[in-house]
Ligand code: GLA
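Just one chain is shown here, as structure tokens, and it is the form predicted on its own.
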């Protein structure tokens, strides 16, 4: 865990001791099941983590915003009249985009000093970007008395990433980061934003996150390409039935309409989305009824579809899941996040967590030459002031 006092001391050494800074936190998230469904208006089932982004912050008496991070060397100062301008491809574009959106909402922005510090592994697919956005939005909403709801902040953060950063993400990440609750998962309809906080009762099992440590950049991945392919599927289906997104279709309805899609690749993409929605619904039911073995089986099925139909996994993620299947006490494992690297999430019997990590690490190093990192996931609260 991050040492809050040490962070405050670092802030004061950076910016001076004229006034006590405040500290805010927004978690990362792991998605248990429901991948690449959010921007298709489908269902997702993420939970907030105890890892996240801390923000130490204090207004200053200038017309300048000063950015620093313990995770990146890059620091900068941005005048208030320049917050609508991106700073190359730097990390500060995530908080800048949020500031720009809040000013558009009528926030009276003043000069402020900011120190970010995250303990989410960068680029791991645990949503460090949404965590940075939400901690910024939550802090500024509080400090400048904007009085927006957390749901408003979720929407603002997503818009900042879509329009300012240029990453065409759905709303799941920001929603889980903002609305998460300790020991609960968020069952979310991404079309209507109706949600339910479902108690995450894992009985004799634990969630273990495994980082491939494969270098990737989400904005450089095929994420936007997959989104465009799903939009093509919708266009084909609209020749016979009017829909806004694939999430409107049940699996049975899709199977009646699939002949409208002449392109085999587009058909596979659409089939993943619609079948994944069905898996989420079944997984939530399995969790509510205590059938964790069924839940785990659906996790494996989700990964198989992401590998074969959506084609977003890759050798490293597939190796982790294939090797996890062989280990006693593992009842489910799948990639989580956008793919092409990042992490898997596995459901492992408590007394097998040590052997699981030992065996998986050995097999993974042997096959990929990379060293994995493991995180015993604790499910925490959404964005908050500390």
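Residue numbers count along the first chain shown, from 1. None of the values given here were measured: they were computed from a predicted structure.
The form predicted together with this ligand exists for this protein as well; it is not shown, and the discussion that follows is about that form.
Given that this ligand is left out here, which of 223, 195, 236, 142 has a heavy atom within 4.5 Å of it in the predicted complex?
None of the other options qualify; the answer is 223.
Have a look at 121, 111, 314, 170 for me and say which one sits with a heavy atom within 4.5 Å of this ligand in the predicted complex.
Only one option qualifies, and that one is 170.
Consider residue 49 of the chain shown here, and say whether it contacts this ligand in the predicted complex, taking contact as heavy atoms within 4.5 Å.
Flag for residue 49 set to no.
Is residue 323 near this ligand? Define near as a heavy atom within 4.5 Å, in the predicted complex.
No, residue 323 is distant from the partner.
Answer for residue 338 alone: is it within 4.5 Å of this ligand in the predicted complex, judged on heavy atom distances?
Flag for residue 338 set to yes.
With the partner left out here, check for me: in the predicted complex, does some heavy atom of residue 34 sit within 4.5 Å of this ligand?
Although this ligand is absent here, residue 34 would touch it in the predicted complex, with heavy atoms inside 4.5 Å.
Within 4.5 Å of this ligand in the predicted complex, counting heavy atoms only, one of 324-332, 355-363, 53-61, 37-45 shows up; tell me which.
Selected stretch: 37-45.
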